[in-house]
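Have a look below at one chain only, the form predicted on its own, in structure tokens format.
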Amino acid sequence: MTTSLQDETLNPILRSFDHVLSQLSTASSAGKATYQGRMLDTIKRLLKHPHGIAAIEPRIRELDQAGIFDGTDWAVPSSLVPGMVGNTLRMADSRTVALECVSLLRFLAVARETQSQPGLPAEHARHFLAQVLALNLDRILGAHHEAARVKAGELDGAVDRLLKHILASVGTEGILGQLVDEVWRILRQRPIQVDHVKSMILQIALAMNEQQQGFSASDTRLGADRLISALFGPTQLSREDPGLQTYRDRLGAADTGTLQAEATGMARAMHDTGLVSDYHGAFLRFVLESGQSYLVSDALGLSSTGLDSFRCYQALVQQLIDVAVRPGTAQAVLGIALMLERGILYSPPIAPSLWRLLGARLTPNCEAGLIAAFGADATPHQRLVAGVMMLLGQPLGIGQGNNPTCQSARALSMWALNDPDYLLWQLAQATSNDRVIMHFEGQPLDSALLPAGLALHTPLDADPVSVVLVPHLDRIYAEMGRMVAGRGEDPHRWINPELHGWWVGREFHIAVDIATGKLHEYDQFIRDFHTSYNPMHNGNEPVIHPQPAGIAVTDSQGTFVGWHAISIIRVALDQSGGMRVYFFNPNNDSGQDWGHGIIVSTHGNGERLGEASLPFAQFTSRLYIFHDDGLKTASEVPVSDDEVVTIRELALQSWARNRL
């Protein structure tokens, strides 16, 4: 056993493990079941330990011989089906999950040829594991679906570590094509947080370099090359990933034409993939320090709109680059470019607010939270400015992480999209005073004086702005809920307009009766949503401001999971002539299967960066709360009975099954 495993917290568990293992191995056939349960409880404790997987691995043969699989479906490994593993790891009780983890470690031992198994050649074991990894890419990539979050079990973190351990052990051969497609699918949503995606691109690069195989189609290979080059060699001078210092030396010796080519190459790779290389950040810093700032706009890849904004606010933009763009924070370059393209600097309060942010001194608590989440490679202030740039450039790229804080994430997105001045004011409060003060029905709510809400700890798997603001917003949201708890109606009737902004419609519609949880006037709810949001029924009126809404989340079987906060961004015809709802989902990955053929689209159906979409009827079938502004038009078109019946049936097959 390695020295790192000689841990005072691990050794007592190992002693218990070895003791129960001895009992299991000597137990009679009738007594096996009792000791299997005790053994699995001990394995659960080991799996939760950071070094537990490494401790279990050398004991897999003993576990197998002692009878851990006797009398179970796992007794004959050659009969196991890779497609069943994911559901077991997600939905089974914790003992069964632990048994599945041990089974996977047994396959890994056979694949490595450190253990033999009758009827299971090493090649078959490797193929089995490759299929398991390919079918569970969401866990490897760190994408948190609402269904997975709500149903999270005590071993979910351990399972994620195990899958990544298997990936590191057996390599990416056999799953590279699926992995590349999945990375591109996620990047098309332009998420703010891309570290998990970068780690998978690194795995792809290593596999291609070492194995030179795993791709069956040339377009997949091309897609992988584009991802790898965007991160590690987007231009001629950085092509072979020479290192930042060597790259700067090359820039110092380059002529004007070469520098121009570097600028346009960087911009092309960034806008193509949504990824920013550290070489891109180094290039921007070099041209600013060397007095060649005329290349900045080319390196940002600006259109005429962005270029005009840059020229008007050049000093501010250059200062933002100087503070925010460092190794490890280069992703802020994309945020700056997209912020300029939005033209929000022309709003009078924005530039002064950003100058205030640049000169801000963060409180010790803010600094501690940012260091805990991101480390000390960049200063907390640099990290926060970079985070603000990303959020202002990509308002629909923010995610809640693995936290029950969809309301706060939605609020940050909505403010960044619709009222960035207000967002910057909230941030100034938090960074200066460790508090945020908001008003609810005229009463001030001070986050510093309120108990914790849904998030019991600072969210560490979130973007920098969320790390600073979400703890405050979450407390305020929870307090608003307490203040309206006795009103007998859904609290979001009052909370949403007060939390999000004046533009939230004051007309409130809900599909269920709060007291009973049963459907209430559901057909009228469907008709009201059409006349509020569908241009074919409301006189062709578009969505003016993003509006908060609540959906009934269902899993891939259509089973109800829970309620979830989203924003309706717009409703429009797609390229095939179908009416679609385009919305923001604060999950890190909006592409989800909600069952019965309702699969959320994130590209290919007219979506803009960060939007998810569904056909109008499918979206309505999962909707349970929405707001409207109450401005009725004389040209409303009635909704047909057939349309109402179709939507009602979709709901009754899923989340509303037991709500009649």
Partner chain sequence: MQTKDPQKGYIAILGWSLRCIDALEKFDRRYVIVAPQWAEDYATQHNIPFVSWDFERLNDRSFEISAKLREMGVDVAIPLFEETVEWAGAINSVLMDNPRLLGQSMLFRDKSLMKRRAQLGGIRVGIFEEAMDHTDVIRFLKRVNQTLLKLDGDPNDPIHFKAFDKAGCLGHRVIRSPDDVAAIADDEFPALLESHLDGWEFAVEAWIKDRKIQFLNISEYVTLGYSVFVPATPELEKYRAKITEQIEKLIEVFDIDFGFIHPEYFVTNDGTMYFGEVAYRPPGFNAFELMERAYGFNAYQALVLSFDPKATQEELDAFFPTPVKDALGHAGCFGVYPRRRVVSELSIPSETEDDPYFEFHELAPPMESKVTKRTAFGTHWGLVYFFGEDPHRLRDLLKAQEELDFYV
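We call the rigid core the largest set of C-alpha positions that still match within 1.5 Å between the two forms. Bear in mind that the values here come from a model prediction, so they are computed numbers and not experimental data. Positions refer to the first chain, counted from 1.
Keep in mind the form predicted together with its partner chain is missing from the figure; the text below concerns it.
- Message: Please determine whether residue 638 contacts its partner chain in the predicted complex, using a 4.5 Å cut-off between heavy atoms.
- Response: Close contact is absent here: in the predicted complex, residue 638 is far from its partner chain, nothing within 4.5 Å, heavy atoms only.
- Message: residue 35 versus its partner chain, in the predicted complex: is there a non-hydrogen atom within 4.5 Å?
- Response: Because a heavy atom of residue 35 falls inside 4.5 Å of its partner chain in the predicted complex, the answer is yes.
- Query: Contact between residue 20 and its partner chain in the predicted complex at 4.5 Å, heavy atoms?
  - Reply: Contact with its partner chain, yes.
- With the cut-off set at 4.5 Å between non-hydrogen atoms, does residue 59 touch its partner chain in the predicted complex? The answer is no: residue 59 has no heavy atom within 4.5 Å of its partner chain.
- Message: Looking at 604, 31, 630, 50 here, can you tell me which has any non-hydrogen atom within 4.5 angstroms of its partner chain in the predicted complex?
- Response: Result of the distance check: 31.
- Query: Where does its partner chain sit in the predicted complex: which of 39 to 47, 613 to 621, 59 to 67, 590 to 598, heavy atoms within 4.5 Å?
  - Reply: The contacting stretch is 39 to 47.
- Message: Using a 4.5 Å cut-off on any heavy atom, which residues of 89 to 124 would contact its partner chain in the predicted complex?
- Response: The stretch touches the partner through 95 alone.
- Query: Honestly, after the rigid core fit, is residue 93 moving at least 2 Å at Cα between the shown form and the other one?
  - Reply: Result for residue 93: yes, a 2 Å-plus shift.
- Message: Relative to the superposed rigid core, does residue 49 relocate between the shown form and the other one - that is, does its Cα move 2 Å or more?
- Response: Yes, residue 49 moves 2 Å or more.
- Message: Quick check on residue 646: with the core superposed, does its CA move 2 angstroms or more between the shown form and the other one?
- Response: Moves: no, less than 2 Å.
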